[in-house]
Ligand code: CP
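Consider the single chain below, provided in structure tokens and representing the form predicted alone.
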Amino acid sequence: MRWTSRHLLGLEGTTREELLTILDTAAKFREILDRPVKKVPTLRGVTVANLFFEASTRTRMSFELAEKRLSADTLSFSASTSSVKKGETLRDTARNIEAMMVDMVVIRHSSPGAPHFLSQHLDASVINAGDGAHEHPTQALLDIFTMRERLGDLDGKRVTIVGDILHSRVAKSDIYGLRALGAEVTLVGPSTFMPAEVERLGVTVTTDIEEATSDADVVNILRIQRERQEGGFLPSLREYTALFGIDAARVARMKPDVVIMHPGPINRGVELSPDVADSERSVILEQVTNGVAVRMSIIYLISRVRAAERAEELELLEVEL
């Protein structure tokens, strides 16, 4: 096994071998999800706490379903109904949950670095479900898993990411993962949505949507957060749609077998037209299904690392005795 970390905090620095271990393991779990009986006893006795300090539908439900499919015990935490409202700190919240003998913590938080902070203060393993505008590793992994299903080996494949790169945690994790697997990544969007010196990540940057998508194997479209217009990043959503929105006319100028992706939720008629979102080229719902398998894979691999650590501790204890 080439996965040796007890946490998943991001994809920056993750090796090709580690990524392939996650993806290949996810493929086996994907087969299980197609069976009449979708549950396996793999993580019986393991407890996972889901700490979501931001609103989430797909990610939260996907993690909860992945945990239940593996027969883990789960705790679900929502900041809006917790002691956080009374002033409890992130560290105290997590340590109180760990005191209930939790093995893993899945966390989504608006502050970049929150999962890293927890990993330094908890014995439990930490899985990043999105931290601010930093990273969203499990979303990137399910994106990449879906691409591999359609395209096979991603080495040399052209992937274009469209939209708000500056504020997107998905884009950053996608870039790290895709580059590690040898894909060529192009970023396209308004110049106000491009991070400074992003080319250092080994990507191509342009503001020309036609140039960026004409020879792409995959076009991954990011959600435009409406609050960005209020922040002065966009003159108007209508202008963004005219310049960068993906509709049937633009898709007709792309490769015939181009794969259309979106991490969701979709602003229909803004970044993506309804007819394209629901077309045969779209794999948006496949991404959702694959997300469960990918998260099962991550939880399983981390549990293997923890089990190996415990076995080593027991061996050392026996030697001492």
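All residue numbers are counted from 1 along the displayed sequence. Nothing here was measured: the structure is a model prediction, and the numbers come from that model.
Beyond what is shown, the protein has a form predicted together with the named molecule; the following relates to that form.
- Of the candidate stretches 33 to 41, 51 to 59, 251 to 259, 271 to 279, only 51 to 59 has residues with heavy atoms within 4.5 Å of the named molecule in the predicted bound form.
- The closest heavy atom approach of K172 to the named molecule in the predicted bound form falls outside 4.5 Å.
- Although the partner is absent here, P265 is a contact residue: one of its heavy atoms lies within 4.5 angstroms of the named molecule in the predicted bound form.
- Proximity of H109 to the named molecule in the predicted bound form falls outside the 4.5 Å heavy atom cutoff.
- Residue contact check for T146: none of its heavy atoms lie within 4.5 Å of the named molecule in the predicted bound form.
- A heavy atom within 4.5 Å of the named molecule in the predicted bound form is found for exactly one of T213, Q139, S168, S125: Q139.
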